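First comes one chain, alone, set out as structure tokens in the form predicted alone.
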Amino acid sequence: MEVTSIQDGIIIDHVPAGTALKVLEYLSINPASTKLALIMNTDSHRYGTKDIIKIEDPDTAIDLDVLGLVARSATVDVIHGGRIVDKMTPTLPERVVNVITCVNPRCVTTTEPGIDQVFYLDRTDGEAYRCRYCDEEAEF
């Protein structure tokens, strides 16, 4: 199988194997309306297997906080004119807003519409995320 290189866009590499569709969902990238190549479970020297997402669109913006949340090992290559012009690595964000939702049925974010879903990183609990309002651990 051969996937050609892109001229202008981004490549999200080193995505944990089998999670590329989840990454697209969290990044709000619609595969039906975006010119992309999705390579899943390909060989990787570093991880054994990995996924790769190639997006041929120079205007696509990637939220590194969201990417750090769902695929911390990923790297983002920005491509212009067929060459890598920038390489970025996501980090685990301290706070995420409206990316994950609270599962606590008694949380104010569940009962009151329009309240932002805010989660903070709780490093004392093994790098879990907790709801700002009810302290419920996030499930994603």
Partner chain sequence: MVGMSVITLDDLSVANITTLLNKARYIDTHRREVAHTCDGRVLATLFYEPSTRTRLSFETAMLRLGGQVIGFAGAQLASVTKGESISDTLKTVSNYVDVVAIRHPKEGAALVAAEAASVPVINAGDGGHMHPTQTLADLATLQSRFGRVNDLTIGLCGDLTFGRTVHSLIETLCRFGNVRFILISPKELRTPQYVLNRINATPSCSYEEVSDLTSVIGDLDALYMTRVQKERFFNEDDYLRLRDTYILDEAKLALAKPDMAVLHPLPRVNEIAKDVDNDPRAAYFEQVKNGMLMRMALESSVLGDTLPGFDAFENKEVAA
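Given the structure is predicted, the values throughout are model-derived calculations rather than measurements. The term rigid core refers to the maximal set of C-alpha atoms that superpose within 1.5 Å between the two forms. Residue numbers count along the first chain shown, from 1.
As for the form predicted together with the partner chain, it is not shown, yet the points below apply to it.
Within 4.5 Å of the partner chain in the predicted bound form, a heavy atom is found for all three of 115, 132 and 135. None of 38, 92, 108, 97 but one reaches within 4.5 angstroms of the partner chain in the predicted bound form through a heavy atom, and that residue is 108. When the partner chain is considered in the predicted bound form, only one residue from 104, 49, 34, 101 comes within 4.5 Å through any heavy atom, namely 104. Taking a 4.5 Å heavy atom cutoff to the partner chain in the predicted bound form, none of the residues in 72 to 98 make contact. Core-superposed comparison between the shown form and the other one: the Cα of residue 78 travels less than 2 Å. Superposed on the core, the two forms barely differ at residue 49: its CA moves less than 2 Å between the shown form and the other one. Put the two forms on the same core and the Cα of residue 99 is off by less than 2 Å between the shown form and the other one.
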